[in-house]
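Only one chain is shown below, in structure tokens, and it's the form predicted on its own.
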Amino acid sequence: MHRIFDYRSDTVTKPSPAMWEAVKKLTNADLGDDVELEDPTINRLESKCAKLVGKEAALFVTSGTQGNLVSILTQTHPGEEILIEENAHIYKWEVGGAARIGGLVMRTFPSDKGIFGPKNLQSLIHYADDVHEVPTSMICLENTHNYHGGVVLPVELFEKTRKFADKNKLKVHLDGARIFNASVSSGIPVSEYTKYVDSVQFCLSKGLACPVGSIIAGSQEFINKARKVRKMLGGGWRQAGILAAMGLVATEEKWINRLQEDHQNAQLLANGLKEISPNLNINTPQTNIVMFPVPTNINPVKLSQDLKKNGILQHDIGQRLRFVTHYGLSAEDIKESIPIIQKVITEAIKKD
């Protein structure tokens, strides 16, 4: 039986001992019905998170997907259009909720590994005063960008996007599922990114290692409306302070800074993969995602399955394999798994 090394996602993390201790300390007085705004632990988490990202208010939601959808629905109307990068998570992996539930057109644009020039999108803008056009009302950003290997979008891009949005009367939403990874990697406070957006979503259940939940934040008016949209989508919590208690631990500065360990482990893994062949174009990861480009003569699905048979869990994405480092994978785990990965991939290359 092979030992399992789980690189599938940072969503597979388990709570830290400190998180369990926080839950153990709860009493009934710390819990309440959140739909009635009566859960003091959730209220504390939302207040803390709003300050963390420099916004007036925040809302605890069940997932990043729900958080993105609630944010979009709150600031748009059916029959409008949103602009979104062609490989964004909202567009590719959130079941088309903005279109099916929100009645929105999602118009995509290309980028250079997540980076783009907002002014180049001017020709994509549609206006409400043209009877033929679907009016454009929002632009969505993603930081870090999952599909492009956890790349960190620069603050300058956010500033330019804000100016572009203001010029065209657009809202700006940030899918910041891993925004704290971006902050730790760049050394730039999260609030320096989020001050340019109307709404932001970030996950507690990825690198921050909570079992469930995400946060959305924005103005108080936005959150008041978002709370109702969340309820419509079936996301009204009851005594979910049990989960929020873990979120309070996850958003402590020392726990956020722990993400640097994941980034270092990702670099360690990438260096190990580079040893397989000098012909493989493996970029040094900026955060906790390593993309392995599978040679075109090798079936990535089969290679992924062969790795799984040897205890290496990951995901195939097109002609690439994605490895994500996270809490629960130590540097020693990375070192132990690298020879296994090298052996399986080297054998696949030799066969072809």
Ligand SMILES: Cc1ncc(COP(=O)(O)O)c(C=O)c1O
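Computed from a prediction, not measured in an experiment: that's the story for all the values here. Each residue number is its position in the shown sequence, starting from 1.
Same protein, other form: the form predicted together with the ligand, not shown, and the subject of what follows.
Residue-level contacts in the model of the complex: of Leu259, Ala226, Cys203, Met138, one residue has a heavy atom within 4.5 Å of the ligand, and it is Cys203. For the options Asn310, Ser63, Asn43, Ser304, the residue carrying a heavy atom within 4.5 angstroms of the ligand in the model of the complex is Ser63. Annotated contact segment (heavy atom within 4.5 Å of the ligand in the model of the complex): 169 to 177, selected among 130 to 138, 169 to 177, 216 to 224, 231 to 239.
Using a 4.5 angstroms threshold between heavy atoms, His89 counts as touching the ligand in the model of the complex.
Although the partner is absent here, Glu80 is not a contact residue: none of its heavy atoms lies within 4.5 angstroms of the ligand in the model of the complex. Glu94 belongs to the set of residues with a heavy atom inside 4.5 Å of the ligand in the model of the complex. None of the heavy atoms of Gln75 is located within 4.5 Å of the ligand in the model of the complex. For the partner-free chain shown, Glu142, Asn146 of 133 to 169 come within 4.5 angstroms of the ligand in the model of the complex, judged by any non-hydrogen atom.
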